[in-house]
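One chain comes next, on its own, written out as structure tokens in the form predicted alone.
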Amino acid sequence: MRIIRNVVKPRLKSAVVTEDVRPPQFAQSVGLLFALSAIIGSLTGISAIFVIAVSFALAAAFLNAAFDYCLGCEVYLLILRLR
């Protein structure tokens, strides 16, 4: 950490632009909600809740992996615009 702070950072020409962390954190929270819903559906024996929650989570993960499209991030931005 000291090497980065003392050697690398002073040599950078401009401030490093980083991504806003709020959309990915929102997407992770939505994924956690789907995972918890699937666990609850599995534990209670309601297979419809399990299948729906897992299918939504897998669909969002596929969009992110195949097309680099973060569905949770886009939903966050949509909610932000609607405010």
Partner chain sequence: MKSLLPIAIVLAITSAYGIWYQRSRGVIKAKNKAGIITPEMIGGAFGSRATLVQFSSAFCTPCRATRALLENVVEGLRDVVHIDIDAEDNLELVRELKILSTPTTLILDSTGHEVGRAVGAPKREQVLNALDAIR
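Rigid core: the largest C-alpha set superposing within 1.5 Å between the two forms. Positions refer to the first chain, counted from 1. Owing to the predicted nature of the structure, the values given are computational and were not obtained by experimental measurement.
A second form of this protein, the form predicted together with its partner chain, is not displayed here; the remarks below concern that form.
Visitor: Answer with yes or no whether residue 14 is in contact with its partner chain in the predicted bound form, where contact means some heavy atom within 4.5 Å.
Guide: No, no contact at 4.5 Å.
Visitor: So in the predicted bound form, does any heavy atom of residue 28 sit within 4.5 Å of its partner chain?
Guide: Result no; residue 28 lies far from its partner chain in the predicted bound form.
Visitor: Does any part of residue 2 reach within 4.5 Å of its partner chain in the predicted bound form? Heavy atoms only, please.
Guide: No, no contact at 4.5 Å.
Visitor: Under a 4.5 Å heavy atom criterion, is residue 46 part of the interface with its partner chain in the predicted bound form?
Guide: No, residue 46 sits far enough from its partner chain in the predicted bound form that none of its heavy atoms falls within 4.5 Å.
Visitor: Across 56 to 83, which residues bring a heavy atom to within 4.5 Å of its partner chain in the predicted bound form?
Guide: Contacts from 56 to 83: 58, 59, 62, 63, 66, 67, 68, 69, 70, 72, 73, 74, 76, 77, 78, 80, 81, 83.
Visitor: Core superposed first: is there a CA shift of 2 Å or greater at residue 73 between this form and the one not shown?
Guide: After core superposition, the displacement of the residue 73 C-alpha between this form and the one not shown reaches the 2 Å mark, so yes.
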